[in-house]
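What follows is a single chain, given as C-alpha cells, in the form predicted on its own.
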Amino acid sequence: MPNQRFPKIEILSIEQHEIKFILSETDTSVANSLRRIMIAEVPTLAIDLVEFAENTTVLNDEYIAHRLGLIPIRYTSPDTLRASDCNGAFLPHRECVCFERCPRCSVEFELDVNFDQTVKERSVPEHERTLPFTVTSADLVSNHNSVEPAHFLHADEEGNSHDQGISIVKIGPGQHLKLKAIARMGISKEHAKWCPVAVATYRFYPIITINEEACARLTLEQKQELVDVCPDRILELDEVSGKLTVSEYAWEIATYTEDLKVAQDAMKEKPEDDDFVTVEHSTDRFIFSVEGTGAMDVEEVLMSSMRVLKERLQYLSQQLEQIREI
C-alpha cells in the first residue's frame, strides 16, 4: 500500500487532568482529526433538563439551569474506578426506546436546600445565622452510584477551595431551592457543555540544525549574540569549546520567531550564504497538550478519541466497499 504510515504516541507527562504527548510518523490531517474529535465527538454526561419545584433565590430558573448544565458530570467505571468513557454505559437520549427517560439513557440529580433548615442543622452561631452561604455541586444527589458531579479538577484545587464544590448560587434567609436535574449523554458538536476538554492543542515539533562549518567563521561575540537574540532561548554557547549547541528543552520552548533570522542575515558576508542556524517545523511530528474539565481522565479522553476515529474510518471503509459493489 503506497504511503502507508504507522503513527506512534510518546507520552511526555501524564496526570489525571492533563497530558502531554508526541504524535509522530503521521501528518497534519490525522493530528487535526484527533484534536477535533477530542473537542467535539467524545461522549460525556451533562445536565440537559432541569425541573424546578421551588426557587426563591436571587437568580431566575434559566440562569441556574444554565449553570447546572456547565457542571462536569463524571462517570466512574466499576471496572477501573476511573472517570471513563460513558459510551457503553448509557445510550444517547434520541436512540433510547423509552417514552421520556429511563436509567439506560439518563441520570437524575436532586437538589433541595432550605436556608433556614440548613442553618439549624449546621448549628451555626447566632451572629452568623443571617449570612448567606453557597449552594454547590456537592448538594446534588445522584440516583446512580457511578455518576456524580466533578466537584474539583484535582486534589490541589480541592485543597485551595473555600467551597465544597462548583458554586451554583448563594442562598440567604427565607430562601429555598428545590429541583430535579436530568443528565444525558451527548457530544459537544451538539452543545459545548458535553466537551470533555478545556484545552486540546498541538504544535509542530521543531527541527533545529546548526551549521558547524558556517559557525566556525563567527567570533565568540557573534555566537553569543545569536544566543541572546532568541527570545525562547533555544541556543546555548559552550564555554569550553566555544560551539553553539541546542538547549535541552528547545523542542518544548521553540516559537519560530524571526529574530534569529534577522540577526543571522546581518552577520552574513553575502546574502546568499547559508544560515548559521535553521529552525524548521517537522511535518510528521506533533506536540499535543490536553487539559480535561474533570468529566473524564485525560488518558480516557485520548483513548476514546482514538476509538471514535477508528469507528469513523471503519464506516468510511464500509461505504467505499458498498460503492464498489454498485
Partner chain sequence: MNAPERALSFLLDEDNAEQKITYAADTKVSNAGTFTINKEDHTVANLFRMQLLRDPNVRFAGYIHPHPLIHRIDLKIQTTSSTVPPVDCLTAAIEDLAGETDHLIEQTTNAISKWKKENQAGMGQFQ
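Each form is matched to the other, and the largest set of C-alpha atoms that superpose within 1.5 Å is called the rigid core. Being a predicted model, the structure only gives us computed values, none of them experimental. Residue numbers count along the first chain shown, from 1.
The following text describes the form predicted in complex with the partner chain, which does not appear among the structures shown.
When the partner chain is considered in the model of the complex, R36 lines it closely, a heavy atom lying within 4.5 Å. In the model of the complex, L218 stays away from the partner chain, with no heavy atom inside 4.5 Å. Contact between D27 and the partner chain in the model of the complex is found at the 4.5 Å heavy atom cutoff.
Although the partner is absent here, C195 is not a contact residue: none of its heavy atoms lies within 4.5 angstroms of the partner chain in the model of the complex. With the partner chain omitted here, the record of contacts in the model of the complex names 150-158 of 128-136, 237-245, 150-158, 101-109, defined by a heavy atom within 4.5 Å.
Residues E299, L302, M303, M306, R307, L309, K310, R312, L313, Y315, L316, S317 of 288-318 are found to place at least one heavy atom within 4.5 Å of the partner chain in the model of the complex. With the core held fixed between this form and the one not shown, I11 has its Cα displaced by under 2 Å.
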